[in-house]
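The chain below stands alone, shown as structure tokens; this is the form predicted alone.
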């Protein structure tokens, strides 16, 4: 018989364990996400954690497969763990069609999976808040989403000076690429998306490789470097470009009226996905040293149509939990990781049955309660009460309490008192 010791199980690369102290942080983030989403009138939805593979290749092309956790089921069907939520949303809309009253505002907090190199702020398994408005082309849909995004970050305790919402327009970029005679625009978008990362020389060469002339590349670089819409107006001349500028001006006017002028700005370097967005696009950046993107989104009017349904205009954004938690941690805005309880029910004499009964009575009144599960020393019980963050300890068999009453101690103040179960409940509610 082998006596070799089994190898301890390991956490899969790019994933996380959520111990209770980690779940408290996760719950804190999810509660705020849900609270603000509901405040803005978004309704919650969900979908399966895996979908047919073609749902994702139909949206992003076959090259997306290398970034997926995909597999064949026992029936030989190609499936994939969802890397994002918007294709699932589009499928839900296509399936119900006109039965869904439009426009509508939905949100979801899905668990997502992407097969990519794990690094700080980017994991292979993560959660993401998705907010989407479908069924309208109104610029107020973008304004609603951006305002909700800013409101969430402010709700977490961030200041307007801690983050920046950069706004761009795929419509403007598409119009200008046509205006300057770009031979193959689809080859240019990925280059624009990498412009700041690869440097000016590599950017110019990449444009030449994509079929643009030196002059066209210079014109495009000038547009991408613009710091204001007034500068953009001096560069473009086509009617489609002018229309896109007017749309952006309207959006900035609405957001400024909503009091967000301090945390919004023009950033034409925001391009986002190749075949996904059709209008306004935006990203939210941490204004610290990293300038990492916290969230991003934009308008995608052709997605449902591309996946085989009717045309349904839409706009949405996603905010990942990993980068957000890092940002809140940097600003000391995460909650304490210790457990918090309303009541710890203790016994001097080891009467566990009575602690069980009284604990349940407090729970029926809506309090979070813990009691010892076996007879342990009184000092150990108090250690547990303090370790679990109890606000109050109720003693079921104190000598100073009359029948129907209990001694109790406020652990924060260190004061002792005697009262009935109802009186203690009223004290805790205060």
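Numbering follows the first chain given and starts at 1. Everything quoted here is computed from the prediction, not taken from an experiment.
We do not show the form predicted together with histidyl-adenosine monophosphate (HAM), though everything after this point is about it.
You can rule out all but one of 160-168, 310-318, 183-191, 201-209: in the model of the complex, only 310-318 has residues with a heavy atom within 4.5 Å of histidyl-adenosine monophosphate (HAM). The listed set 241, 130, 355, 149 contains one residue whose heavy atoms approach histidyl-adenosine monophosphate (HAM) in the model of the complex to within 4.5 Å, identified as 130. Among the residues 342, 247, 84, 267, the one placing a heavy atom within 4.5 Å of histidyl-adenosine monophosphate (HAM) in the model of the complex is 84. Within 4.5 Å of some heavy atom of histidyl-adenosine monophosphate (HAM) in the model of the complex lies at least one heavy atom of residue 300. When contacts are judged by a 4.5 Å heavy atom cut-off, residue 295 counts as touching histidyl-adenosine monophosphate (HAM) in the model of the complex. With a 4.5 Å cutoff on heavy atoms, residue 121 counts as touching histidyl-adenosine monophosphate (HAM) in the model of the complex.
Taking the partner from elsewhere, residue 176 is found to have every heavy atom lying beyond 4.5 Å of histidyl-adenosine monophosphate (HAM) in the model of the complex.
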